[in-house]
Ligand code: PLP
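In the form predicted on its own, a lone chain appears below as structure tokens.
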Amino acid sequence: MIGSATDHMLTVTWSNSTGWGAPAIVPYAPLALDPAATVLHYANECFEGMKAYRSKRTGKIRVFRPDLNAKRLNMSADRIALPSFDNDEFVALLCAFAAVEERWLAWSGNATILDTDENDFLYLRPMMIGTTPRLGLSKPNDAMLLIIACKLPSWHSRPLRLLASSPEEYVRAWPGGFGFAKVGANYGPTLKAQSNASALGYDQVLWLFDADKRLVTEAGGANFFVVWRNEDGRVELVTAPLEPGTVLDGVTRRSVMELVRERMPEISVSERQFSVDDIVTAVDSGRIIEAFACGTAFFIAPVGEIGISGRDVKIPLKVDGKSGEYARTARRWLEEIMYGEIEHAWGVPVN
């Protein structure tokens, strides 16, 4: 594991005959699984990525928009024939677990985060797996919901270098598939392309769809945004649309768009298809302003360069050569909510 696992994990089992059992928070330990468990053969597995924070004002532990993660985990579970659960009960379990692991979040004791841990967080990983010991393609009769946590480093302190994929060789998601669900099968098949990109000096793959149109979908496991002046001269924040199911409905993605629409009404916020060729044209014509990836793990990660068809296309980084202004602003807005610097409905105390 990258980072240190915390002391505990939460487990709750389900069976088709009795439903959900009683949840338990137990010491962190390996799982005992039958070698024929369906998760090991048919990928009955889904997960979420979340973070817990400590309020800089009160010292209380809080999570960010957990209701959205609960809904998405339920949707992912349904896509791979795993059981559903009550969203509110899931959030209650998550909060109870985060409260137990409170000691892993820095706190000086006088309502001030330690300077060295100013933006400290605890990464939370809820997941569900099929556990029925059976070889044969059928819906599992048994499952397990787990939550673990770990300390992760802040990833990508420098701007990202992305490598545009070749749709003729690799496609991450396709209409009618499961690119909209947070399932392991969305990520395992991308690791070879990611490894190849890393060997060439890039941080992530910018995933494209359609060999002719070369439409942008996601950056690695994160959503991708471009800010440019569109052909009408208006500043536009654009990202790929959720339809036709090739892009994850990211919580950070949704939050960025909602905040920009609310606080920067002069900017056009668009969910629409665009291609890497559109990016190249915007760069060459001087209309590009910035680009960034966003997600729970990456948070807001500025993009400084994209490898497209053998050309390294430079993306402006106007804030100290490290970020764009819009990415920095969105990051700050979200941090204020996540770390409790302002009162906001998206920041949910765990106790």
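In case it trips you up, residue 1 is the first one in the sequence shown, and so on. Computed from a predicted structure; not experimentally measured.
One more form of this protein should be noted, the form predicted together with pyridoxal-5'-phosphate (PLP), which is absent from this view; the next part is about it.
Undergrad: Heavy atoms, 4.5 Å, pyridoxal-5'-phosphate (PLP) in the predicted bound form: which of 249 to 257, 98 to 106, 79 to 87, 194 to 202 makes the cut? Say which one.
TA: Checking each option against the 4.5 Å cut-off leaves 249 to 257.
Undergrad: Does pyridoxal-5'-phosphate (PLP) come within 4.5 Å of any heavy atom of R214 in the predicted bound form?
TA: Heavy-atom contact with pyridoxal-5'-phosphate (PLP) at 4.5 Å: absent for R214.
Undergrad: Can you tell me whether L93 touches pyridoxal-5'-phosphate (PLP)? I mean in the predicted bound form, with a 4.5 angstroms heavy atom cut-off.
TA: Result no; L93 lies far from pyridoxal-5'-phosphate (PLP) in the predicted bound form.
Undergrad: Heavy atom to heavy atom, is I306 within 4.5 Å of pyridoxal-5'-phosphate (PLP) in the predicted bound form?
TA: So I306 does not count as contacting pyridoxal-5'-phosphate (PLP).
Undergrad: Examine S323 and determine whether its closest non-hydrogen atom to pyridoxal-5'-phosphate (PLP) in the predicted bound form is within 4.5 angstroms.
TA: The answer is no: S323 has no heavy atom within 4.5 Å of pyridoxal-5'-phosphate (PLP).
Undergrad: Go through P140, G220, P159, P126 and name the one with a heavy atom inside 4.5 Å of pyridoxal-5'-phosphate (PLP) in the predicted bound form.
TA: By the 4.5 Å heavy-atom cutoff, the listed residue in contact is G220.
Undergrad: Between 291 to 312 and pyridoxal-5'-phosphate (PLP) in the predicted bound form, list the residues on our side with a heavy atom within 4.5 Å.
TA: Going through 291 to 312 in order - heavy atoms within 4.5 Å of pyridoxal-5'-phosphate (PLP) in the predicted bound form - the hits are C294, G295, T296.
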